[in-house]
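A lone chain, given as structure tokens: the form predicted on its own.
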């Protein structure tokens, strides 16, 4: 079983020819309200990949909170531990340009009140997985990790949005996931030399004392850890919207590992899923099913 403790947002998405520069105004499309948030995204991606998933987080008592659960509910994600707090639901303001690249500003809303103490004890044992991100208070993230690790569960942390974490605070984390830019920031934080993705992942894994996975967009992903360095390719696709691709990778990776597949196999399927997510508009509506992932294998 996978427990996801993290953010639940609604994405306000506007498509633009190019992202505005500081002080610049650009015209965009009609906006869309699409369920999002890194926690909810990863929960949905894992569920569509076939895992049993429970979402733990918070939404506001505003009307937009209803939109936040529109994809999770029909997918069968367990929402019994999603709290409704007084105030606003988290929202992400996203622009997507003609090349499919995005800019994102997040207003946390109810996510700031997410409480690790609300995670049920069941599903946090050996053979289970806790999936975390950094869009809820860090002290709650690491409190959740501590509880899960005490029960014997696997703990995976997406360091997104990036924070220059010290190795000591990651003691209860089994795997860290970062994108290529975050990996370089992490390496710079520790004074590690710049290198290839494989070299950077290996240096970070050695410095942090745990597995490090670096997602590389159209170039796939690399993981360094006890099994050495593993590199997998992405699918060759024409991207229309990269929003949520990293969350797709993390959710599918967690689902495959939770299901007992090898790290290399889990990475390969996660990279395919992340690529497929780039071929459709929006975050959650773009996440592929397990059947779609398997069908796309080269």
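From a predicted model like this one, the values you see are computed outputs, not experimental measurements. Positions refer to the first chain, counted from 1.
Missing here is the form predicted in complex with alpha-D-ribofuranose; even so, the following discussion is about that form.
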message: Between alpha-D-ribofuranose and 37, 41 and 104, in the model of the complex, does every residue show a non-hydrogen atom at 4.5 Å or closer?
response: yes
Close approach of residue 57 to alpha-D-ribofuranose in the model of the complex, 4.5 Å, heavy atom: no
- prompt: Taking the shortest heavy atom distance, is residue 128 within 4.5 Å of alpha-D-ribofuranose in the model of the complex?
  reply: no
task: Flag residue 92 as yes or no: does it have a non-hydrogen atom within 4.5 angstroms of any non-hydrogen atom of alpha-D-ribofuranose in the model of the complex?
output: yes
task: Flag residue 283 as yes or no: does it have a non-hydrogen atom within 4.5 angstroms of any non-hydrogen atom of alpha-D-ribofuranose in the model of the complex?
output: yes
task: Look at the stretches 23-31, 263-271, 62-70, 241-249 and give the one with heavy atoms within 4.5 Å of alpha-D-ribofuranose in the model of the complex.
output: 241-249
message: Just to be sure I understand the contacts: of 172, 135, 182, 78, which is the one whose heavy atoms reach within 4.5 angstroms of alpha-D-ribofuranose in the model of the complex?
response: 135
